[in-house]
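This document starts with one chain, in the form predicted alone, laid out as C-alpha cells.
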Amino acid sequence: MSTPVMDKTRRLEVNKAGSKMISDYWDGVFNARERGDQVVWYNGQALNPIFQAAGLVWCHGEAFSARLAAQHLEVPAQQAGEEYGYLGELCSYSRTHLGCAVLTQKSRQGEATGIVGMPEQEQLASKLPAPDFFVNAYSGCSTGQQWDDISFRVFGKELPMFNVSLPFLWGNKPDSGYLVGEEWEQTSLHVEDQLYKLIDFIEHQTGRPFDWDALRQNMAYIKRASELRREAMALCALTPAPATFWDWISSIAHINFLPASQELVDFFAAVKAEVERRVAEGISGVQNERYRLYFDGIMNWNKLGWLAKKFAAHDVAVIAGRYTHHAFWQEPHMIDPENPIPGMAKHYLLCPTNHGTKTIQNLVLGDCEKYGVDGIVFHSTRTCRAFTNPQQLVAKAAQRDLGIPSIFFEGDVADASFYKDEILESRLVAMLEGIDSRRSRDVTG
C-alpha cells in the first residue's frame, strides 16, 4: 500500500499556462495530415529547429511516450509493443513509441489491433500521423541507435531514414574535460558535418531549398529562452529555494521540442519573473524547507506529481538534477544565431548520458556544492541503463569528496510497474534521520 502524501508543494503558477502550450503543440501534430504537412518522426537530440525551418511537423518519440505516461495512458501502446515482440525490460520510451508505431500503422491500414479493452486510450496512442521519414540522433544510448531502425521495419521498410551519429565523449585523454580538449573539438566538427548532410537529406525529402534565415531566427529564440531558463535556475541556489526540480521538469517540453518563437521566449521570461517575485516575497517552492536534495536519474513520468508531493511532505526541496540541469540547450553562450550549426552540434553531444564517469562526477558534485544540497537521491531507472551506469561511482564520490549521503530507489521513465513506493519511503526517512543526526553532532561540536 502506498504511503499517504500531504501536499506541501508550491509549484510555479506559470506552468499552468505552459501546459496549454504543450497541448496546442500536440494538437498541431495530430492534425498535420489535414493541413497537408509532411511529418518527421525523430528520437534523441533536439533537431526540431532544423525541422521547423524546413516547414515540417515533428514528433519526438521520447516526448510522446513521456506524455502518455504522465497522463497514465501508456498501457495500450506498451501492450501493442509486447504483442509485436518486445520484452518489458526494453527501454519503456522506445517500447511505448514502437507500440504507437504499431497502432498507427494498423490504424492507417484499417485493421483490428488485437489489443483488448481501453479503446479511448488506444485511440490516443494511435493518433500520431504516420511519418514521411525518420531521423535518429541518439547519444549515449545503445537502444536509441536502433529505435528508428525498428520503426522503419514496422512501416514496411518503405520510408527513408537518416541517422546522425553522436560519438560518446570518453573524456580519458590528458586534455579532456567538459567543453574542452581535442576529443571535444574533433567530435564537434564530426557532428557539424553530419548536420549539413542532414539538411541536404531534408531538402531532398521536401523538394524545397532549406530556409537558413528561419534556422538563424529559431536559434536566436532558443538562445534567449535558454538564457532566461538558466538564470531562473541559478536563483534556486538561494535558501529557501523559490522553485524546485519538479518545476524544471514541467518546462522541459518547452525548451526541448516546442516551436522556437517569441512565445517560447515570453514563457521563460514569465518563469524567471515568477521566481524573482518569489525571492522578493520570501515564497519557497516547498513549505517549511528543511532539507535540500539533488535528483540524479531520468524522470519517472508516471509519478511526477506524486514524487513532488512525497518529497515536500518530508520538508524536502529537491533543488536540481542531472536530467534537468545538464541537458536541453544548457550552454546558451555556445549558440551563435548567425552561424548556428557549430553550437547546435556541440549541444547534441551534451546529453547527460554521453559523458564518461569523471565528467559526470564533476558536473553532479559541482551542482551539489552550488545548490548546497544535503544528499542525493538516485532514481535507478529500470529500463534506462545509460543513465544508471555511473550512479554507484557518483554516489561514492559524493560521500568521499563532499560527505554527502545518497539513497537509491527503483522506478522507470514510462512504466509504472517498476516503482516501489515503500522502498523510497523507508530509504528517504533513514537518510533524513542521518542528516538530522549529523546536524546535531555539528551543533554540539
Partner chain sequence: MSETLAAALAPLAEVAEDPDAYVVRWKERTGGKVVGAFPMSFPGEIAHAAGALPVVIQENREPDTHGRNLLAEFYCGYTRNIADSAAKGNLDIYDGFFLADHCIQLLGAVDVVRFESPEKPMYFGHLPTSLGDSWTPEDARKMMRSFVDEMGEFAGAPVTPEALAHSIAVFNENRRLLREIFEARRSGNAQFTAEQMQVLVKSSMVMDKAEHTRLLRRVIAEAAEVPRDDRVRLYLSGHFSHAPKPELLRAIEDCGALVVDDDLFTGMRYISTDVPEDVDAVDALRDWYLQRDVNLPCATLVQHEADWEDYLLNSIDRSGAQGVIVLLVKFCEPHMLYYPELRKALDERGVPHLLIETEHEGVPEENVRTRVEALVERIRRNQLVRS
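If you're wondering where the values come from, they're calculated on a predicted model, not measured in any experiment. Numbering follows the first chain given and starts at 1.
Below: the form predicted together with its partner chain, not depicted.
Within 4.5 Å of some heavy atom of its partner chain in the predicted complex lies at least one heavy atom of K157.
Although the partner is absent here, D211 lies well away from its partner chain in the predicted complex, with no heavy atom inside 4.5 Å. Within 4.5 Å of some heavy atom of its partner chain in the predicted complex lies at least one heavy atom of L90.
Not displayed here, its partner chain is kept clear of W184 by more than 4.5 Å at the level of heavy atoms in the predicted complex. The three marked residues, F257, K272 and E281, fail to reach its partner chain in the predicted complex, with no heavy atom of any inside 4.5 Å.
Shown without its partner, this chain lists Y178, Y84, Y221, W306 as candidates; in the predicted complex, only Y84 has a non-hydrogen atom within 4.5 angstroms of its partner chain. This chain is drawn without its partner chain; in the predicted complex, the residue among A237, M161, I199, A313 with a heavy atom within 4.5 Å of it is M161.
The chain is drawn here without its partner chain; in the predicted complex, the stretch among 325-333, 213-221, 284-292, 349-357 whose residues come within 4.5 Å of it by any heavy atom is 349-357. Residues of 360-398 that come within 4.5 Å of its partner chain in the predicted complex, judged by any heavy atom, are S380, T381, R382, T383, R385, A386, T388, N389, Q392, L393, K396 in sequence order.
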